[in-house]
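Take a look at this single chain, the form predicted alone, given in structure tokens.
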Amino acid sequence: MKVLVVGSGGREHALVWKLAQSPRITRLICAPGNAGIARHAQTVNIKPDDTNGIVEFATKEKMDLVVVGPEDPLCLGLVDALTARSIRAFGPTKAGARIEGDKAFAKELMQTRSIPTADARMFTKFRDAKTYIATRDTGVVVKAAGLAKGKGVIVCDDPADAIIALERIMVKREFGPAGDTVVVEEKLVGSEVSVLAFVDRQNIYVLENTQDHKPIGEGDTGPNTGGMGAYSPTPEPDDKVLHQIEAEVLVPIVDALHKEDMTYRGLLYAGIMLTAGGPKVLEFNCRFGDPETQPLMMRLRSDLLDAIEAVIDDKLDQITLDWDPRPALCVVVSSAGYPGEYAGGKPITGLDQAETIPDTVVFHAGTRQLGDQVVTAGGRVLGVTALGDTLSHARQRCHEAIARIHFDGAYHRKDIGYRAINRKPK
């Protein structure tokens, strides 16, 4: 089977790495890929948002399957365009991808279906949003409703900070057209977890639970990023709460999409806050999370290709995924300045030495090949991921590997997984 993966980040490297282990794949290509992905697959220089370019390439090369990684091409309708050419594709249609591409739409859908989520208001005018925030006396979260590469969510402890955040989004236009509409919602308090599930027309298959760390700083402080690390499994939610999330969140949102004539097939990601009042939805994503995918693929023992095809063929009820019981943890190594401005082109050394640590893989997130040298090409550069006998052991292996990797300005958090590692047994 000939498979094309679309994307260039750490998530796509993890997917390519896992798909490369499938005995049924005879040719594996990634568009555009990165320096790490090139070790496992052929790479072609086609941008993920070049819908016509990807469709024409997939048609010419007679690809049997296209796996779409990032949200942008999904929201642009890449799956629709591929399907129109009779090319099998993994991911939701453009209509289904609105669940991520339009936070206002997602919030309205949740409110209509009584899905537990933060109280919120949607605004298209700065003045109206500012007036509303000024009436608040507690912290709020200000979100750009469109796609902002994981950076359009600003958590504010004080309403005055929220007005500054609003100015950044709607006046200074830091996130471009993603900020045409904003969602202002109550700040939820609790532990955040990521619940990922395969979805076909009739079935929902929940994957192992994960947790990521979005803030740049130690102790989950500072501005949000696309994710500075993740681990799986997590100590919470327990099975009871997980069943509650499936029944009160996943089932009704998928049913709502289907009733809106948006039949959803692909991966559905629910960001959940476990509050004192029960689990509540922070956001939905229409694709695998990044960096949650990295520890998940490390733990997945089953053939990923089988699961992807089960989704496309509406046969999720016929598969059972096998997971390594050991925990996995991913630590992101980023460029200096991220999530703000940063410089690229920094030579990276020590990559091969890092992977001599047992059960450790260095997933590339923002790299490119420059002659014989791998250099930085993004804010999040690497996702060093390891399995361990315990979560602490997995993190230790990550840090040992990172100590062997060098590039100018490299930064990583040293406390990924701290809540679970420091958790006192009940």
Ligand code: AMP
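The numbering used is simple: start at 1 and walk along the sequence shown. Keep in mind it's a predicted model, so treat the numbers as computed, not measured.
Separately, the form predicted in complex with the ligand exists; it is not shown, and the next lines address it.
Only one of Lys94, Lys214, Arg326, Arg168 comes within 4.5 Å of the ligand in the model of the complex through a heavy atom, and that residue is Lys214. Note on the partner interface in the model of the complex: the residue among Glu248, Asp80, Glu208, Glu192 having a heavy atom within 4.5 angstroms of the ligand is Glu192. Heavy atoms within 4.5 Å of the ligand in the model of the complex are found in one stretch of 84-92, 135-143, 344-352, 172-180, which is 135-143. Taking the partner from elsewhere, His258 is found to have every heavy atom lying beyond 4.5 Å of the ligand in the model of the complex.
With a 4.5 Å cutoff on heavy atoms, Asn224 counts as touching the ligand in the model of the complex. The closest non-hydrogen atom of Glu186 lies within 4.5 Å of the ligand in the model of the complex.
In the model of the complex, Ala118 approaches the ligand with a heavy atom inside 4.5 Å. In the model of the complex, just one residue of 101-115 lies within 4.5 Å of the ligand by at least one heavy atom: Lys103.
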